[in-house]
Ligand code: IVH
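Here we start with a single chain on its own, the form predicted alone, put down as structure tokens.
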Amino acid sequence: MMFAPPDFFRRLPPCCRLPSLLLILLATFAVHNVAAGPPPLSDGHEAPPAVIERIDELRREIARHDDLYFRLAEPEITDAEYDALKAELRRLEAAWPDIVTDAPPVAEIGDDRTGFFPTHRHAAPMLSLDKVTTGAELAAFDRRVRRALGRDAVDYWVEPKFDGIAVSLTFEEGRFTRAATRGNGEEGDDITANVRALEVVPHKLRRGTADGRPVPVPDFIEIRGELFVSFKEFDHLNAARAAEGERPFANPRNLAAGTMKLRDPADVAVRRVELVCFGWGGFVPEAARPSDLQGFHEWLAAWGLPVVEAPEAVQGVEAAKAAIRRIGESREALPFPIDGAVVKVAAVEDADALGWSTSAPRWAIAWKFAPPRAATLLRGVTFQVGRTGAVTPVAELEPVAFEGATVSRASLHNADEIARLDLRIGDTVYVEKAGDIIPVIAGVDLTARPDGSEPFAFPEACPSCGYPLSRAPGHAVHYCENRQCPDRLARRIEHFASSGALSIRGIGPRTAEALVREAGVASVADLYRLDAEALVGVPGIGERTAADLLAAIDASRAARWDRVVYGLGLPGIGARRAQSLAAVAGDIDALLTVDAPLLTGAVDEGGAGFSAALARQLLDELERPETRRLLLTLKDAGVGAVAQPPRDGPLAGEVVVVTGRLAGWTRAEVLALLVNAGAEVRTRVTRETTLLVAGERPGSNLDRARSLGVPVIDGAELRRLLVAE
């Protein structure tokens, strides 16, 4: 393009034109570089404070999202949003390489180690994949590969990219010996017991054939694959959680990752997590490796392992693009989640020649599908107050058909996200789905913004109780610190009653809110003081519902101790840490006297393995007078007296319902005995019930058990099962 000087330049005297032209060119160059990002620094230059602040902010935010995604399996943003944050950080760090901030540099590979499992060091690094989203980026990958190999065209292996949790399976002399997560690439969590519980891995590799020839079984091999949950199983488990009034899983990937982080393999076994295998790490003897990925695919099938269906062997980048298109077109018909395709150099010798970077192989690339999006109108923003006091904004949208469902609400995460989007009421916004499930606001159509719109102002007071909101320096979330906030109380009661905690059937979100606002329930301990008179008349509760709810509350007194610990909602104590805490503090009295050395001690030395910061946070909570009163009140109510049941108890694996009065036993005694014998006790007969204990004057549960063919025993038979040697 020719440079056209403006009119004022032509009017300048000739002696002034050259200096003015230089100034214009310098200004143009400066504007261009501001728009494109700062140039690399020469020695001795200092980055502007705004750049340092942005790098620090990005490092903290990415580290937070890494923790949410890899350790907690609870992502808040889409993959595309996350990739954009990392791309911005890489650009700034490349331009200003010497910057030091309070936030440490972001790890190249997300770390999924939880701290609750033994760790296992991989024989060969288990790294991630570099990602592309455009044909030009894939073509650049192909050019790098061809240049390095000195070829005009390269053979590729293209397969779907499953959206689950990466796993490494070790076989020694053909026998399955270990399963581990990716971790930090060098070592991961040892999840062998959980994988064995799933029964997706054979105990021993078969000695099968491929192309009519025997397939060798290596002396040692790490088989790499992905654990995932099908859409059918995802819907099934969420339907069950909804029936229990519990919060549904966000997406299949979170469900798979969260399942493999459970501490009790028995809890893992009830979920149908599936496996697909596609690669290897360590391989001994190395000379026995297959020559290409198509051959290895056949070996996996011959060994009896699940493999990727319909992968494609292609030549050249254009054929690879066509294979990716076919995978994308089949995506909606697949029964399992995928989020892209993987393109690998097919020949093992070529892959060896290309090698690895510090974070990914140079012989493979992941093509990430762009998430679908829909445009709609932002009608307003509402707020949800969680049990910890965290205030989460939610976008209220003009309903729009999207991905087979009607979307009318979307997550906004926090005030920083609203500010980043510069979100305003009346905006036309783009909706995407994080992990293909959770609707989120991905952007704003600024060209459609109405005149006179005002930036959104985050509230300064709690929308539930009016208490001033707080926000710690460096943190993104606003909190209501009022422990008696009605919404906080309702969410704590809902959590306490959830199936992962005390499993009080009938207490979902609406019932929890009604109990707080209409029945005067001010703590979880108040549940055990309720009677029919207090419940009947509460919105949604009649005489029959009240009786069922009281029976469920009564049955919860026999809940296992680690579930009680989880239900308390202590700071930093999720389901996995609750098991560790319950193991070192075996009842309420022990919990009230637990100390820092016990909490921070190593697990193999009898400690809980908590960090010093978590231990201090927990002890501060346990020292609060209201917390101590709550625990003592629960103790008086008979809650927390049942220890972890033996896995080999006489009723292990049984789902038991008790109906009627059993002579010689109080109901609490019966429930405690059942749980200690390994049974899962419920209040209502369903198709999952495996045994009904019927006493005097049984209710409708007896009729339903007979209609479903559920075995029925009386108190005498139960006594023989529990106490006979």
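Everything numeric here is computed off the predicted structure, so don't read it as measured data. All residue numbers are counted from 1 along the displayed sequence.
This next part talks about the form predicted in complex with the ligand, which is not shown.
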* Heavy atoms within 4.5 Å of the ligand in the predicted complex: does D189 have any? -> no
* **is_contact(P361, the ligand) in the predicted complex, heavy atom dist at most 4.5 Å** => yes
* the ligand contact in the predicted complex: K161, any heavy atom under 4.5 Å -> yes
* Please run the contact check for F278 against the ligand in the predicted complex: heavy atoms, 4.5 angstroms, yes or no? => yes
* Go through W356, F458, F220, F231 and name the one with a heavy atom inside 4.5 Å of the ligand in the predicted complex. => W356
* Identify, from the list L129, L570, A551, I418, the residue with a heavy atom within 4.5 Å of the ligand in the predicted complex. => L129
* Proximity to the ligand in the predicted complex (heavy atom, within 4.5 Å), stretch among 258 to 266, 144 to 152, 162 to 170, 386 to 394 -> 162 to 170
* To do: Quick one: name the residues from 334 to 356 with any non-hydrogen atom within 4.5 angstroms of the ligand in the predicted complex.
  => V342, K344, W356
